[in-house]
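Next comes just one chain, in structure tokens: the form predicted on its own.
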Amino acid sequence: MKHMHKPKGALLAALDIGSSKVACFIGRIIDDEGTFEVLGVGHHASKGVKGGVIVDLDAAEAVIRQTVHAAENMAADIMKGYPLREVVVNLPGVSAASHAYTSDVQVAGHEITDNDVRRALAKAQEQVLSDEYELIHTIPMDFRIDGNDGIRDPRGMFGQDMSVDIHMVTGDMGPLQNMATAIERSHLDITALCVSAYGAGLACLVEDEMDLGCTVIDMGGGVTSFAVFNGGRMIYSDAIPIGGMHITNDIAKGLTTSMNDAERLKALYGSAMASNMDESELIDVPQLGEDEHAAPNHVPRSLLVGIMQPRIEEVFEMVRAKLNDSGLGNAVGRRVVLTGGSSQIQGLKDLGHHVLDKQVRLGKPIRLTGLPDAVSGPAFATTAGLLTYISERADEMPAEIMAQAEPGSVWERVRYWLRENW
């Protein structure tokens, strides 16, 4: 199915709330293909967020404000003094769940239209409405007409019965409401939500990867989330509550050093794979509580790698187990793209290949123009992808499907939480 694009000149903003940083991109669409230029960027070390979830509203709100202000200031010429009002926000994978549904509608021999497709999607959405979770994505995967399957876009075709396999993603209400509250206190409205790994995939994958089957693994500070793409669509997403901060924490404990020093050692000398040089190479590990002038404490680099490797291996093994349990089989594809702030650890690609037994490459955002170098790396994949999502995939947003489904339907009576005044 062709996706709709937002019009040329439209201003859009993305807010990526993570465990280690909060980032905001303000972008403008520069052509009819939905290509963006980024005009404003803000990012700030995160506070009040743990394991992808807000644990301190005041702290989170303060960081969101600072981040958004920085992006607004950078885009001041275009914003002409108007504050940012609407943002698309990431939903951490730990607060989301994937569901597969099949929806059938009668088409009674007439030509299948947009409306028939929306009718099928809306019918499925009605089945998952609940007070406990919110619907985030409604993604049609495969259509069948009178039992013939493998149809990607049924519009213009004829038949009696149409059924569609749908990938729905829901978000847990509690974490969502806390996030909405922190954002709303910053005087912003959420126009859409997008699962973090979906954003990362939209930013980093080339079209062939999305078509032929590929898993994007987004390794963040508090969460590692992943999404499987096939046929140009996301067909599955999940997450595990372990990220780069857990590796840093292991190092701090294992080498009795501070979190700051552990983070620095990880970045400078860390690796996911042991090499035969590690024994002979010594690194200086500052000890907890000692002043700067204490005698250097040299340990072999192999000690550091020996702490990191099992933890990273565990992450890949948990991802592999979830992919095996997903029932997707061959649809998962042969490729993996690693992205996110923690994907820059040396040797990660090789360890990923070893554990997952797939071709692995490192990914960073490829679809945006004008990104300053400082924010063009893998740590900003999700942020960049949120802009792509809102410009190109609005037809997968439950509220849009609902608004355009037949008038007089159940949707007119259902107030959707994004539209409610918090």
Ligand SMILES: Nc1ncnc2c1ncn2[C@@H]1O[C@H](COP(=O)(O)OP(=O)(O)OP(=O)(O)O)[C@@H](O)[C@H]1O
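What you see is a predicted model; the values in this text were computed from it and never measured. Start at 1 and count along the sequence shown; that's the residue number.
Beyond what is shown, the protein has a form predicted together with the ligand; the following relates to that form.
Remark: A267 counts among the residues lining the ligand in the predicted complex, judged by a heavy atom distance of 4.5 Å or less. At a distance threshold of 4.5 angstroms between non-hydrogen atoms, L202 is out of contact with the ligand in the predicted complex. For the chain shown alone, G221 is a contact residue for the ligand in the predicted complex, at least one non-hydrogen atom being within 4.5 angstroms. Looking at I54, you'd find every heavy atom of it more than 4.5 angstroms from the ligand in the predicted complex. Proximity to the ligand in the predicted complex, defined as a heavy atom within 4.5 Å, singles out one entry of E263, E72, D238, D278, which is E263. Checked against the ligand in the predicted complex, the residues P154, P140, G352, G341 give one hit for a heavy atom within 4.5 Å, which is G341.
Partner proximity in the predicted complex, defined as non-hydrogen atoms within 4.5 angstroms of the ligand, places exactly one of 205 to 213, 75 to 83, 98 to 106, 342 to 350 at the interface: 342 to 350. Taking the ligand as it sits in the predicted complex, the stretch 222 to 255 comes within 4.5 angstroms of it through a non-hydrogen atom at G222, V223, G244, M245, T248.
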